[in-house]
Ligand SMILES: NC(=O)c1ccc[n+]([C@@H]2O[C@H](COP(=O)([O-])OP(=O)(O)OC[C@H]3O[C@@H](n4cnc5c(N)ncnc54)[C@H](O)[C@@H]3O)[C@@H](O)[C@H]2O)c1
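Only one chain is given next, in structure tokens, and it is the form predicted on its own.
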Amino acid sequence: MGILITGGAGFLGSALANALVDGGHEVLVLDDLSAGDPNRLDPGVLFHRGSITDRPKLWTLLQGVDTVYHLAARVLVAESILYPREYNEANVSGTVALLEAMRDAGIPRLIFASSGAVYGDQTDQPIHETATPHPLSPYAVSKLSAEHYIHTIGALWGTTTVALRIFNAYGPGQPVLPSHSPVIPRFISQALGGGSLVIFGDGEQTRDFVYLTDVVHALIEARNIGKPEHCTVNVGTGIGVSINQIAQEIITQTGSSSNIIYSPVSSGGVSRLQADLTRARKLLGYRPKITIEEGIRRMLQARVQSASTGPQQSPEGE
């Protein structure tokens, strides 16, 4: 039986697709290429361009599939504040359309890539899955809404559902966007280019940065969860790292002379975000392996290798 990955040409989806193919699985990818790049995919991946809201196409692709990884989403927090309707359409309505197609095709398992952003500000750290979410953006609301949909409809229609609340994932191939880019690839580009590293807020806010291969491992292991049949699991490292620490580590590893500039005009987001991994260890056997220092080192090595292979290679970014 095959595996379908929605959003499978993106940063995380392509890494998952390639890992599954390497493991001997038949993998299909659906992506509208609004942020993905099919050149990232192993030749063994069966790529299809299309929208997550296209139910007839979904139904066709689901024939012969026993597991769906649902990664298709719009993911920029700042953009979601400007365009909440579009985020609701893609992240919530798209999820419901997928669930309906899965019901019609009789697909037994759905693994959903949710986000640690659903928690918002939390007093108790590290954050357990039982904490009451306080989403602070339409993006976070859309992820939490999709979680409720997959678990509720999954229980009604007999579909096993797993929602992985992925914290701040990073790794080679993560895009540097024109605005509101993820902090680690942005800092690396700024440091290598000799520009200033811009930190929003005072830089003391902490995040749980989890390396790409650790996230992929958690996603793959989620296929083996038997009980409970409808569960939500954190995926992080269990370690909070400040934005200031990230900036200093990247400057050190690159040998850059870049300055650090603080921008008090823009918010640095929630003050602390750190995952409790008790449930992940129990249900997934999950133990992250890559430290933040090693992860940054690997990203820099990937940049060097990409530059040395020349322009015929696919560019870094979605």
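Since the structure is predicted, the reported quantities are computational estimates derived from the model, not experimental observations. Numbering starts at 1 and follows the sequence shown.
Beyond the structure shown, there is the form predicted in complex with the named molecule, which is absent from this document and is the topic of what follows.
For A35, a non-hydrogen atom is located within 4.5 Å of the named molecule in the predicted complex, even though that partner is not displayed. Mapping the unseen interface onto this chain, S115 counts among the residues with a heavy atom inside 4.5 Å of the named molecule in the predicted complex.
Although the partner is absent from this view, N168 contacts the named molecule in the predicted complex, with a non-hydrogen atom inside 4.5 angstroms. The named molecule is not drawn, but in the predicted complex it has a heavy atom within 4.5 Å of A9.
Per the 4.5 Å heavy atom criterion, the named molecule in the predicted complex is contacted by stretch 65-73, the sole one of 276-284, 255-263, 65-73, 289-297. When the named molecule is considered in the predicted complex, only one residue from Y211, Y119, Y139, F187 comes within 4.5 Å through any heavy atom, namely Y139.
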